[in-house]
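First, one chain by itself in structure tokens, the form predicted alone.
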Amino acid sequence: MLEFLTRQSLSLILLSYALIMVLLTDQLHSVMIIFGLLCALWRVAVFTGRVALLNKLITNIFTLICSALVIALVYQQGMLSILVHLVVLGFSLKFLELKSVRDVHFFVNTGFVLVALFLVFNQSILMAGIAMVSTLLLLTILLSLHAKALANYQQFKLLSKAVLLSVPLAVVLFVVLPRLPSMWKMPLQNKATTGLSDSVSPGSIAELSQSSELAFRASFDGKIPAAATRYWRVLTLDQFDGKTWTQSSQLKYQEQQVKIGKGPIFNRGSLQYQSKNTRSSTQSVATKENSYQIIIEPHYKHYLPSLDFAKATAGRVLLSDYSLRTLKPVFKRQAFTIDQFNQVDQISQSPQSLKQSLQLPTGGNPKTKAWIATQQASGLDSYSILEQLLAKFNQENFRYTLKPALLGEQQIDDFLFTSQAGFCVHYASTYLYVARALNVPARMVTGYLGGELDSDSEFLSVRQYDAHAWVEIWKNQQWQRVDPTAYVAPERVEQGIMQGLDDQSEFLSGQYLSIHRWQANPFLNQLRSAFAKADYLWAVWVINYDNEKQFKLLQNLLKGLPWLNLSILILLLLLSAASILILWVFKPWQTEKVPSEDRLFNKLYQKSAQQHLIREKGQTIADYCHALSQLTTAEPQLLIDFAKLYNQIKFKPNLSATQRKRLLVELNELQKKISKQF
């Protein structure tokens, strides 16, 4: 078979294929990536003549077998993952029948589909920019096939024009077209995500804190709360097996109810839920303290980080532990507006739920129990002993570290009396154990603490390394927050995780290329801040540009023009975009450029055609001038010289600009002489 692809076209196809596969690496099974690489290498072998293309029957049979194997390989990952893998399979198998321009069109169109699928999973401004590069690369493939006569810079110029032409229309359509709901339900995939887990053991959040991935961003309508009060609640864990904290069956039941669209809803009310360092409980009316918007990254779960205390609204559920949930999983970068109150309804605690908050495994940790007994023997009550424990954290040689020593079977004993070095979970877990051993109901809360304020104080960026764990104890018929970490590393609570570490080299120690690791560098820090600002604006005005924002924007445009209604505005915007497009394509202000030598001949021909001779179709300038010399009174030699000079200007190779200008002057003089003789 005659090879129809050029080396340039095949190189562009391979490059675009490689880039798209890299983009989808997180979504693809490693087997699929290896298979795609083999398919690409096979097509290169076909191009170089080492192997021949397969016939259609073999290709079809191979496709069916591969499809069945792919479905079996990723069946447990969910419907969306199956669909992505099947599209990628078709994209890879296209190499087996890439033998015509039509096949390349299918390849490019499939590439567009995969870029769109990539944007389902990745919606940051950086990822959108990479997706745009992939799209331009796919368009370049088509140019390399259909514009072979153009040089590379001419192809680039043509592509740039096409992209620029599409911008005004795309912007107008984005602004004015209403946001319609999806006509289908997005299938969820069983995907492991970076984020908080529903089980915690010493060291688990420390591992999460080595990730600089964005968890969410938050902006406030009112005053931004101080860093030490920004406890973003996510999960409550009240079951302990001696090593790991998990949710009890009661909390798991509430989580399951949320997943099926049900569940108890606890709204704000007249009684105050009091946290450590909050107001006294003398107020009886809940008041709205603030309102904030969070733009959360996809985590494929239902949790919604919130400050105490949130209110359940449409599409959300407030659980009995005051955690906020969405009725639909967060599978895309999504914005939520949350109202913050100073108190919520007192949720009655049944004897069973309080008993659960006292649960401990039998046996174990004899040193801790002996320490508790010693404190009790000295006449201290339970809450005073807990204060002594916090003082112990603060005054003894305890360290806050992301790389603590491994603990043995008696985790609490090993930490409290031997290693004395750990992360937030170590301190929270120890405090919880002692509280429950003293018959004080207690539970662990996991979420995020703090967040980095941008340079203009417009929003907070909360990342996975801001993950944190703290404690709530039942006191005075209310749950009160206690953060043991604050007694060991107050800088962690007030300034951030990096400032709380004794050894700051532990911060993102495995991410040497992460820009967040080098916060001490002013230039990189400024660059990081600028990128965060751009990404935040992208999320607010592009990713979460909804009907409400659209209506407000158009309403603001109409304020200055009282005679203009919304329908006319949309129509004018569309007409403006279409007019710009038409004017750019047809350029009515531009006239066709006629070479100077042709313009001089046209002047001569206009006079001669009126008086003497019409030029025949296909007749050369020399033949016409020779025929004209037989019919006019003009000197024949002048017409012959005009034809020679014209041909010299028109067709002589390597004619310099100076020579051309001189010859045009001579041609102009001849044209004037001949015209006068007519």
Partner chain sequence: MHNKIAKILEQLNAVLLGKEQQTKLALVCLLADGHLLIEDLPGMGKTTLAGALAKTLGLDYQRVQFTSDMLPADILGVSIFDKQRQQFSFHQGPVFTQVLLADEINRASPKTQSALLEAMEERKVSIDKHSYSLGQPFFVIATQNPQDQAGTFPLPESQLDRFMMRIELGFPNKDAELAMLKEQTAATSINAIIDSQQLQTMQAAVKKVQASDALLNYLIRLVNESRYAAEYANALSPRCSKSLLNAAKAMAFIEQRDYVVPEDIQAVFASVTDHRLNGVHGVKQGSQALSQTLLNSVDPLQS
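C-alpha atoms forming the largest set that superposes within 1.5 Å between two forms make up the rigid core. Positions refer to the first chain, counted from 1. Fair warning: this is a prediction, and the values are worked out from it, not measured in the lab.
Absent from the display: the form predicted together with the partner chain. The rest refers to it.
*Asks:* Give a yes or no for Asp598: in the predicted complex, does one of its heavy atoms lie within 4.5 Å of a heavy atom belonging to the partner chain?
*Replies:* Residue-level check for Asp598: yes, a contact with the partner chain.
*Asks:* When the contact criterion is heavy atoms within 4.5 Å, does Lys56 count as touching the partner chain in the predicted complex?
*Replies:* Outside the cut-off, so no.
*Asks:* According to a 4.5 angstroms non-hydrogen atom cut-off, is Thr620 in contact with the partner chain in the predicted complex?
*Replies:* Although the partner chain is absent here, Thr620 would touch it in the predicted complex, with heavy atoms inside 4.5 Å.
*Asks:* Does the partner chain get within 4.5 angstroms of any non-hydrogen atom of Gln648 in the predicted complex?
*Replies:* Yes - in the predicted complex, heavy atoms of Gln648 and the partner chain come within 4.5 Å of each other.
*Asks:* Just one of 28 to 36, 42 to 50, 609 to 617, 62 to 70 has heavy atoms within 4.5 Å of the partner chain in the predicted complex; which?
*Replies:* It is the stretch 609 to 617.
*Asks:* Name the residue from Ser457, Asn476, Gln526, Asn602 that puts a heavy atom within 4.5 Å of the partner chain in the predicted complex.
*Replies:* Answer to the contact question: Asn602.
*Asks:* Are there residues in 212 to 239 with a heavy atom within 4.5 Å of the partner chain in the predicted complex, and which are they, in order?
*Replies:* The stretch does not touch the partner at all.
*Asks:* Once the core is aligned, please say if the CA of Lys56 is shifted by at least 2 angstroms between this form and the one not shown.
*Replies:* No, shifts by less than 2 Å.
*Asks:* So, does Ser67 move by 2 Å or more at the CA between this form and the one not shown, with the core held fixed?
*Replies:* Stays below the 2 Å threshold, so no.
*Asks:* Core-aligned, does Gln659 move its Cα 2 Å or more between this form and the one not shown?
*Replies:* Shift of 2 Å or more: yes.
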